[in-house]
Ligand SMILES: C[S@@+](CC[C@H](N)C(=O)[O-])C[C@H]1O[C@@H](n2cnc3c(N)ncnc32)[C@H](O)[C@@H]1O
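The data below hold one chain only, encoded as structure tokens and taken in the form predicted alone.
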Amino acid sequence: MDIEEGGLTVSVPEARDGASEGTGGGVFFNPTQELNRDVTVATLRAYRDREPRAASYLDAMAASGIRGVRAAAEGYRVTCADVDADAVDLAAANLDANGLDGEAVHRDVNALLYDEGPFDVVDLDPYGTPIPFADAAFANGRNLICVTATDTAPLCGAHLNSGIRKYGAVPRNTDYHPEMGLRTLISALVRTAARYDKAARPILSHVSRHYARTYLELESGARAADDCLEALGHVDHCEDCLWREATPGHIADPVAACPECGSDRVLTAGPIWLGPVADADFARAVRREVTDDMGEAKRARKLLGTVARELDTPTHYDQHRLYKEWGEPAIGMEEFVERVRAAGHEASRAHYRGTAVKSTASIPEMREAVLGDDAD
């Protein structure tokens, strides 16, 4: 069937989504990833202003080639790669049908990266974990590595052992599990890049639906890589009172008991990325590149605006969980944030869910700020 996306007409197979995502016969196509693709295109546009020399783009798991076709329409020199011969034929046909230059190749992407690299922009959008492709991408990427991970259960700690095996970290399943997953992913990618004496810094990231997406800008040099690794660390989290504390460093020093409530039910996660997950100015630049011909333009603008305004704290709070702990009915999110700010603390909404909030205030400080005299 033919679909229109981003002002282009692309032939795709019947959609597969949900539990069957990435499985079954035929070339894969997921319509629910349109937001991901729209943000990718806006990012490629904004990145051209940031790095004008970026020209070549590798769509590493091309499938129908829809992502590569859209990148080619932005003027990038596109290579669509896939191990499925039918996918390669379809990607080539879609490039040709839209009058776009580019090539589609029947290659394993790891081998292609070593044989044909470097590429200025490498886009990894696999089913599941991107880790099997990370070494080749960082070794042979020049400017920007774009990565999607759909295995959110291992990333956030719901499948703990799988997360440890795949990402070389201990993720913990907390009330801020979407952010835990994103920061676990970024940590693994930053450590991978460092093996090749490259710093990989996230300039835009988001968690949407059932995937995490991050865009990592590269800088070559051992010193730059070492500096980037300084943003890794661990988070201690109390399962009872929700206290948490982030500690930079490569070696974990777990807390035996919660300093707030004394509980011994304290989880330690890490190494995770403790630094910013986005460059606020770049996120705003990407938002400006979202155009009305994008099918998810409204959602993309809302998402990017929230990402740009988020505090850089390494965890967020679920407002409903806080009110459950306090035994009080929740107020509106905007009013909640304003009350915390009025008490002299930094606060912002976070994009991870509708009730996600970030603040430099502790939980007792937030309670005092929003409940006032009722906090006693």
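All values derive from a computational prediction rather than experimental measurement. Start at 1 with the first residue shown and count on from there.
One more form of this protein should be noted, the form predicted together with the named molecule, which is absent from this view; the next part is about it.
A.B. asks: Quick one: the named molecule borrowed from its pose in the predicted bound form and superimposed here by the pocket C-alphas, is it open or blocked (3 or more atoms within 2.4 Å of backbone/C-beta)?
C.D. replies: Judged by the transferred pose of the named molecule in the predicted bound form, this form is open (no ligand atom within 2.4 Å of backbone or C-beta).
A.B. asks: Which residue, Val307, Met61, Leu322, Val41, has a heavy atom that falls within 4.5 Å of the named molecule in the predicted bound form?
C.D. replies: Checking each option against the named molecule in the predicted bound form, the one that comes within 4.5 Å is Met61.
A.B. asks: Counting any non-hydrogen atom inside 4.5 Å, which residue from Ala225, Leu242, Val109, Leu303 sits next to the named molecule in the predicted bound form?
C.D. replies: Only one option qualifies, and that one is Val109.
A.B. asks: State yes or no: in the predicted bound form, is some non-hydrogen atom of Glu179 no more than 4.5 angstroms from a non-hydrogen atom of the named molecule?
C.D. replies: No - in the predicted bound form, heavy atoms of Glu179 and the named molecule never come within 4.5 Å of each other.
A.B. asks: Classify Asp236 as contacting or not contacting the named molecule in the predicted bound form by the rule of any non-hydrogen atom within 4.5 angstroms, answering yes or no.
C.D. replies: Output for Asp236 is no: heavy atoms all beyond 4.5 Å of the named molecule.
A.B. asks: Report yes if any heavy atom of Pro126 sits within 4.5 Å of a heavy atom of the named molecule in the predicted bound form; otherwise report no.
C.D. replies: So Pro126 counts as contacting the named molecule.
A.B. asks: Can you check whether Val190 is within 4.5 Å of the named molecule in the predicted bound form, heavy atom basis?
C.D. replies: The answer is no: Val190 has no heavy atom within 4.5 Å of the named molecule.
A.B. asks: At 4.5 Å between heavy atoms, only one of the stretches 286-294, 118-126, 245-253, 202-210 reaches the named molecule in the predicted bound form; which one is it?
C.D. replies: After filtering at 4.5 Å, what remains is 118-126.
A.B. asks: With the partner left out here, which residues of 66-86 have a non-hydrogen atom within 4.5 Å of the named molecule in the predicted bound form?
C.D. replies: Residues within 4.5 Å: Ile66, Arg67, Ala81, Asp82, Val83, Asp84.
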